[in-house]
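Quick setup: one chain, the form predicted on its own, written in structure tokens, and binding and motion questions come after.
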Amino acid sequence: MFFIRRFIVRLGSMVATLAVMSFLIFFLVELMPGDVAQMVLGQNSTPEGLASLRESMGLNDPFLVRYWRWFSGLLQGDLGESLYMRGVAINSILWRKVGHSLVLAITALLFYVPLSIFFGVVAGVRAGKLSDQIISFFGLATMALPEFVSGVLFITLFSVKLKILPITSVIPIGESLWGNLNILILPALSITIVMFGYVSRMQRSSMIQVMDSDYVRAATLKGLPRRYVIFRHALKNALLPTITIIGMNMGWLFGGLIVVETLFGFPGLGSLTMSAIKTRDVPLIEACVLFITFIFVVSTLITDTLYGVLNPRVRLAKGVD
């Protein structure tokens, strides 16, 4: 019952957070400079034409009226229409791009999670030794390396010099992402480089702490093989903080996709967000940013729930068997 109550409370908190964030996102986007009507009609538009278009778009309505119109449609699953691409439903644009970004994010996860955990365990078990110093230095260096810098380096190496991967991640007209999976490699590597530092250093720190615990020392004194002690006793508990940091970074990961997708021309949520910002397509910007917020909140909810299930101390603290 404890975990059910915990989940319901967290779910309510998630809904409240999304409601508040929807208002903040709408408010902040409204503060952006520029005129949507001017963007649509161009620099040679007449004042009469601009006024007519603003009226037809509902841009002259009060702020709260426009927010409620957008939010009530959101509750019904209707994200509205793009202002820049007149008559095009945002639902028809957004979800295809979200699907592409999810594939890219999962690819990056498959790259950096195993690598980060493995090298974090190696560094933690061999703390203070040369291998630990090399891994820790590399992790710290990658944390300070922006995605666009690592992306340019990968393009130079694998596309320009070795010519084994495409420079851009554009899907050819008439083809699908599944037929061009090689375009995922460079963007995923760019994300992996940045995320590797955070996750591996967390895994290293957690592993050092667990290896110094009483139950690990007791298992070692019993004469159990060191590999058995590491993988059967230490690693399970050392993974808990790492799982947390991976889950908490999912929202950041989707935010970071904006830079990576723009650099490589990948047709995902990030590049769609940048395109919407350039054209000041307010409903599309709001939909993209709100979805990134949704990913962050949901990943936090899932991470918190998993941590409570996997960590026996949470159950013992609440008297749960």
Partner chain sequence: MRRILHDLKSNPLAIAGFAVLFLWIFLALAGPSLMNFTYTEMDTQNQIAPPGTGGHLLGTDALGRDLLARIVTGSRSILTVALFTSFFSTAAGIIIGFSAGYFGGLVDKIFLRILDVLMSIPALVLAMVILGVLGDSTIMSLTLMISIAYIPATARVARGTLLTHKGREYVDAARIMGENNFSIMFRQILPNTLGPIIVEATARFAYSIMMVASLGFLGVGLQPPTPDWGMMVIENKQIISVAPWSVLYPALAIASLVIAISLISDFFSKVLIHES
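Positions refer to the first chain, counted from 1. The structure displayed is predicted, hence computed values, not measured ones.
This protein has a second form, the form predicted together with its partner chain, left out of what is shown; the following refers to that one.
Do heavy atoms from each of Ala89, Ile93 and Leu240 fall within 4.5 Å of its partner chain in the model of the complex?
-> No: no residue has a heavy atom within 4.5 Å of the partner.
Scan Thr220, Thr168, Ser213, Ser205 and let me know which has any heavy atom within 4.5 Å of its partner chain in the model of the complex.
-> Looking at the other structure, the residue within range turns out to be Thr168.
Between the options Ala141, Val103, Met85, Val113, which residue brings a heavy atom to within 4.5 Å of its partner chain in the model of the complex?
-> Of Ala141, Val103, Met85, Val113, the residue with a heavy atom within 4.5 Å of its partner chain in the model of the complex is Ala141.
Its partner chain contact in the model of the complex: Trp252, any heavy atom under 4.5 Å | Residue-level check for Trp252: yes, a contact with its partner chain.
Taking the shortest heavy atom distance, is Leu50 within 4.5 Å of its partner chain in the model of the complex?
-> Taking the distances in the model of the complex, the answer for Leu50 is no, it never comes within 4.5 Å of its partner chain.
If you check in the model of the complex, is Ile258 within 4.5 Å of its partner chain, heavy atoms only?
-> Yes.
Would Arg66 count as touching its partner chain in the model of the complex under a 4.5 Å heavy atom rule?
-> Heavy-atom contact with its partner chain at 4.5 Å: absent for Arg66.
Residues from 228-246 in contact with its partner chain (non-hydrogen atom within 4.5 Å) in the model of the complex = Sequence-ordered list is empty.
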